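To begin, one chain is listed below as structure tokens, in the form predicted alone.
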Amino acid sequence: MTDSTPATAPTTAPASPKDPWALPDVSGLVVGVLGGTGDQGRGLAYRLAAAGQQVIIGSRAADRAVAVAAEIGHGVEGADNAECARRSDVVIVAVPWDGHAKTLESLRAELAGKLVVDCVNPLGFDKKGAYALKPEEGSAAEQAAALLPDSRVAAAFHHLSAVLLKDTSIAEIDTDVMVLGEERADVEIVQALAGRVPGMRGVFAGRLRNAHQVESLVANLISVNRRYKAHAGVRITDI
């Protein structure tokens, strides 16, 4: 007599949820900073290089980038924007908003296959102070994604004070970095880069469609800073 009892499939334990703070080792990545001779880019380059990251700053003029890199020290190199993009694994975009689209369009080939981290804040200024602009694509980061179809685009580093970043007497930058992106692996790379800087923590803050709110918050921080004579950042509580 044949046993007709169906075989029972072996049970498997459910996968454990991934620890959101288990981030990759990014110490070997080369980080390029487009707009690295400006205040924000220069400050980011200094902080990452001081933390041990290999950093290349880019500028439209290579000689200007080389001179500023020498001033930053910590092994930072300078190059024109195209060479900076080609030689880097991760490229931070810290150019002025009015040059954002033109710069990225000109570097589409060099940025192909790269993780591009946009930290540009589209802002306007009038007698009432700073106010947010909304690009046709929705945000600077979404504009970058539209212009760079062969790159992986994330958004981060919007709320950092250039004054604090450049101040070599300050050992820690007490702030969280809100990171947005489409792929978890890319977001975690950016979180890990932020975490290399003492005092900073990278926090996932949604997909690129939510970048406009993050970019716009800078207008509020400028108002805070003007009223309180401060260099305000952002901390996310209860995580």
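Everything quoted here is computed from the prediction, not taken from an experiment. Quick note: we count residues from 1 along the sequence shown, nothing fancier.
Only in words, not in the display: the form predicted together with a small molecule, which the text now covers.
- Interface residue among Arg184, Arg201, Arg209, Arg64 relative to the small molecule in the model of the complex, by the heavy atom within 4.5 Å criterion: Arg64.
- The listed set Ala146, Leu133, Ala112, Ala162 contains one residue whose heavy atoms approach the small molecule in the model of the complex to within 4.5 Å, identified as Ala162.
- Heavy atoms of no residue among Tyr46, His74 and Ile189 are located within 4.5 Å of the small molecule in the model of the complex.
- Among heavy atoms of Asp39, some come within 4.5 Å of the small molecule in the model of the complex.
- For the chain shown alone, Val120 is a contact residue for the small molecule in the model of the complex, at least one non-hydrogen atom being within 4.5 angstroms.
- In the model of the complex, the small molecule lies within 4.5 Å of some heavy atom of Val95.
- Taking the partner from elsewhere, Ser151 is found to have every heavy atom lying beyond 4.5 Å of the small molecule in the model of the complex.
- Stretch 29 to 37 is the answer when you ask which of 168 to 176, 29 to 37, 190 to 198, 48 to 56 has residues with heavy atoms within 4.5 Å of the small molecule in the model of the complex.
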